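You are given structure tokens for the same protein chain in two forms, set apart as structure 1 and structure 2.
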Structure 1
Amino acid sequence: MFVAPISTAITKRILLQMRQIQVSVASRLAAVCMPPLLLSALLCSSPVQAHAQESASSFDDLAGRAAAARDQGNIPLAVELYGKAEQLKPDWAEGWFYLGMLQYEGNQFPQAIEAFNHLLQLQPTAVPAMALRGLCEFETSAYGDSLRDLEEAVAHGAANEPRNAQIIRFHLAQLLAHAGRFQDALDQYKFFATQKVDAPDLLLGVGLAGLRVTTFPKDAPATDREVYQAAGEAGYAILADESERGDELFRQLFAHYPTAPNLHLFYGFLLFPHDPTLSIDEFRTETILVPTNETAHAMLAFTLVIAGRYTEAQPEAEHAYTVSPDMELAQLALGRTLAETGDVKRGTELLNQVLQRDPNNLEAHLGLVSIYSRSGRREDAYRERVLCLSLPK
């Protein structure tokens, strides 16, 4: 598994990100001689006060011994002592973090999840704890929970530190592919390609996502690993902006695996950001090799729309939408096609369907701009143009 350990330096940086954890163990252990008058007052205090003082003293002792055990590398003792300290003070956020982190490093994933649950109840925005919980959930096969936690953690900056980024993004990429979000998975893998990070499981993951396979790299069948690995190597090269090498590797792939499903679709997706017209032949080839590949039909239609070839796009878009009416890409491709070929009413309905699920879809808004401009609805067209300029990049 592609996992790197969390170093002491990274741990310290993680702790600095945690809100409201401002009192260190050392400061709690600062010994102060008790003045005689204070001692006298303590002796005369009520049993409840005395018990509170005793509990505080016991907690400080446990916290100090837990920190010492952690610093000495005695993980089992540190876990035991942190657990006892939390029984006395369940709202001690720092303790929950250390307990969870030590359990994570000791492969005690269910216990670590429980510790991070306590911490996140106290501090819902503790992003490092959210990321670590997501990694633990991955190991316990709670993939939906793991995807939720890691995606939110990355959105809030958990992957900004380079070494943490590798651990988090690799797991997130696998989860996205497992959920069928293949393009989002490739966006995560691009991070590794641009950083020139190379590993067998990484290339295998790229190939699986590119060929639209939801299997995790560790579970890929031995009989198919060769094509996934080769596809991953070719895709990785293009993601790393090594286009000539990537093009050559794909040519070799097509020669060795002429009927492999989604191979031309993968290549087309990679070509699309650089020059959409180059991807048209790849999408068309995919539809010929695998006529039931509705994603390929929808992408071919959409790419033809981008190229202004609306008449060619319409039958492909109609085909994709007829077979997969809930596919957003099919709705978008057909909506844009109809917007340009005259069926304004139906085109508007389809584009609005896309915007109901994805209000920030630039292509749907651009389609409405075209419809409103053709219909003489200048104010509506202007509003859509303004929306296009304000959409997240």
Structure 2
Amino acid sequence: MFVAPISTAITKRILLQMRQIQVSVASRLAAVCMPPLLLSALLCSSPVQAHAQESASSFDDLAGRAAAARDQGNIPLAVELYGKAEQLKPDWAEGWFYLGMLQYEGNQFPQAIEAFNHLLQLQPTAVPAMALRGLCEFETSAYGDSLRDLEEAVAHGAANEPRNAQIIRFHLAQLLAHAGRFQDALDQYKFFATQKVDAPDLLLGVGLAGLRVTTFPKDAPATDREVYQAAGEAGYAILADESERGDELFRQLFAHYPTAPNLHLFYGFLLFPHDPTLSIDEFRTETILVPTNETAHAMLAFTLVIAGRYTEAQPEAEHAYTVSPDMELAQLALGRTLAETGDVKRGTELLNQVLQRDPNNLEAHLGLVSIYSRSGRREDAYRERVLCLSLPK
């Protein structure tokens, strides 16, 4: 059972989960940072051999006692001893890791961040430390830093270990939604849905991301929690591929909250990967309910483009572009619809505008393929097609 990680219980859970990381990371870092033979060789050749031997002896003693205190669960003593050992040997990566871990365990988040900073300066690719620092930053409300660290940690495999995946992904999902990256947040939540993990805060998080609310689950106002929770349950069912249940839950939601903003948009986004054409009606309904919802207008236009319904897409794309000329989706939708409905010049300009910012944008290149192909520019069309096929996923 997954429990909301902001609680004390989850903090303990993190520690349990991280123990495995500790062992592997500690041994790995020790191997990388302190090759014993190399260290001995350096000490033997040093002109300050006696002092070094004394320091080494003192350091070894401190490190040993710190480890013993840690094993015995005497956290305050372990923290003190690791701190002293690091004063003697600030490039001791293993020590920084344990110090950060123990401080995290003691809810000393700023100190833990400091320890992980030292470690990451020594070992910039120490992914578990990056993940732990991200979790500490979350606790200190340094959400931007936390998002950066957790996202990078996940990109480098921090969530590949099943026991760590939940804690890291749940925090990351909340941060992504908080940053307004709702689809990315839902991608993270999908992990839980496919694993059939169940927890009320999880559903709340899904609902918040789905309804495009940047509030953290813990801060969600009581008056709105019901709709967030219900939307989360419906969304979660679809993310878990329980299509019939999800479909039914959304129908109930629409009946119960007929004017709730972003509800149809949420459903449309969930349907989109299954079949974009199915999401058209949902996006359209959202634009009717909330005419100022520019994301819904842009998505409607873009989905109609994918369905090849360019004439229908054009007014929506024009609307989205007029209101949000910098929105990439609006540029893509309008560029493609214009090109397909006759205004090739302006359409090409808009698609190239997207490509200037994002040269690998597949949709812009697909638009150019169509423009070149339909206007008989065989070589250009072929070149664009080859380029599209070579673009990274």
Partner chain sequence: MSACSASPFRNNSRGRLVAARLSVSISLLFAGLMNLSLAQATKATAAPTTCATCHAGAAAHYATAPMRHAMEAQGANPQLVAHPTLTTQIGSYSYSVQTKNGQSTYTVSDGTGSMTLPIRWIFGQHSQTWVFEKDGHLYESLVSYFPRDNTLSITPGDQKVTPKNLTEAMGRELSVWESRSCFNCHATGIVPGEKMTLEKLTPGLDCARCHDGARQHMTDAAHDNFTTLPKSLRRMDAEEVSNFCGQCHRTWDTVVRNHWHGPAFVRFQPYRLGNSKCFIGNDKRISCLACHDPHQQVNHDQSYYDSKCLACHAAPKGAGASAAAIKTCSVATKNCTTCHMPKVELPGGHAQFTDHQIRIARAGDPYPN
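Structure 1's sequence is the ruler for residue numbers, which start at 1. We call the rigid core the largest set of C-alpha positions that still match within 1.5 Å between the two forms. Please read all numbers here as calculations on a predicted model, not as lab measurements.
In this pair, structure 2 matches the form predicted in complex with its partner chain, whereas the other structure does not. Once both forms are fitted on their core, the CA shift for A69 between structure 1 and structure 2 remains under 2 Å. Fitting the two forms on the rigid core leaves the C-alpha of Q353 displaced by at least 2 angstroms between structure 1 and structure 2. Fit the two forms on the rigid core and the C-alpha of Y382 turns out 2.5 Å off between structure 1 and structure 2.
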